[in-house]
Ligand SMILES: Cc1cc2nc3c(=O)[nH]c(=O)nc-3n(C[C@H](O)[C@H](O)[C@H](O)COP(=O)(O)OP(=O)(O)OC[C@H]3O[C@@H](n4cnc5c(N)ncnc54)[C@H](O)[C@@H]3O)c2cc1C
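Have a look below at one chain only, the form predicted on its own, in structure tokens format.
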């Protein structure tokens, strides 16, 4: 696990490194980057604006894109123990009837496993080899000075200033640090006009099954993780104000029979357990590298959850970034960051575009459009729907070998 460490102590530990790196954000992308650099003998300074007790979030489906990254981190066994194998995928249409079923294993087994894991468990897996982090710390200034970047870090108690050879911005979709590097017009957002309540519901015996309800004006997704099912109940933003209980009642009236699992998770979602609302938006940054400062993960390109690939792409991007940095010295940082962007940005933006296209399919309120969608879904093979993702698996960056 990570040790909570004062920022200055982390800075002192990095002074002797051939490459002094600051990683801003200890989420999936930032933690992966820092841990990979640590495996290569560096001591990156890792800071996080949230406290150590911050909510760990939602459920993830991780495709085999992550397997070589986990292997490089030396945490494959921990990952398998903390996750569940996902094979079956079922879709119910606008009236609740089953309209198609697929085998994910048949599609992905040649590359590796498709697995379900909670974000909290994934963070524990990524941190399992140890390391340091400074929580409740934010960057308030970045300034290029000669051959280094001077960063000012607010710890809540003091402002700490230090020089770094590279600064990696990984503080999420709504990154504040990105605003110190890019102008507002250099970051564009895509808003689906929808959002969803995320709730943890009880596990069932179908631990390998992901099941979705594609309604007209509604969407329910259920995804297994270890000992739980992660559920998201989606509606257009106009319906959010009435609240989850009212929306579930409306959904049940429209679709009285949605199958045993969907019926159960809808009941559990309104039994008083904790939920939070996830606005379904993403972002895309025009530049991923500016001199000695690089962006990774959601700070570079945030994802909608529709293709289930955002976290995997963040981890892959962190791997590519860490490999470029680990092989250079201080003089080569700018070229390394530019090379990382050239390699990874086209892949990530292609996956992001696919997620946006799927959102248009899933999130609509027209009964006629939903009827057409249901009919088409009965006959479209999953291989066709997921062709862009298979291409990503087939065309991995050089050096990303299979985990098996």
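Residue numbers count along the first chain shown, from 1. Note that the structure is predicted; figures quoted are calculated from it, not measured.
The same protein also exists as the form predicted together with this ligand; that form is not shown, yet it is the one meant from here on.
**Q** For this ligand, considered in the model of the complex: do all three of 215, 220 and 364 come within 4.5 Å of it, counting heavy atoms only?
**A** No, none of the three is in contact.
**Q** This ligand isn't shown here, but in the model of the complex, which of 249-257, 310-318, 187-195, 93-101 has heavy atoms within 4.5 Å of it?
**A** Of the stretches listed, the one contacting the partner is 310-318.
**Q** Go through 37, 62, 337, 70 and name the one with a heavy atom inside 4.5 Å of this ligand in the model of the complex.
**A** The residue from 37, 62, 337, 70 that makes the contact is 62.
**Q** Give me the residue from 49, 373, 347, 43 that has a heavy atom within 4.5 Å of this ligand in the model of the complex.
**A** Going through each option in turn, the one that passes is 49.
**Q** Does this ligand come within 4.5 Å of any heavy atom of residue 119 in the model of the complex?
**A** Yes, residue 119 lies within 4.5 Å of this ligand in the model of the complex.
**Q** I'd like to know if residue 305 sits close to this ligand in the model of the complex, meaning any non-hydrogen atom pair within 4.5 angstroms.
**A** Residue 305: yes, in contact with this ligand in the model of the complex.
**Q** Although the partner isn't part of this model, could you tell me whether residue 351 comes within 4.5 Å of this ligand in the model of the complex, counting any heavy atom of the residue?
**A** No, residue 351 stays farther than 4.5 Å from this ligand in the model of the complex.
**Q** Although the partner isn't part of this model, could you tell me whether residue 138 comes within 4.5 Å of this ligand in the model of the complex, counting any heavy atom of the residue?
**A** Contact check for residue 138: yes, within 4.5 Å of this ligand in the model of the complex.
**Q** If we check this ligand in the model of the complex, which of the residues in 165-183 reach within 4.5 angstroms of it by a non-hydrogen atom?
**A** The stretch 165-183, when checked against this ligand in the model of the complex, contributes 170, 171, 172, 176, 177 at the 4.5 Å heavy-atom cut-off.
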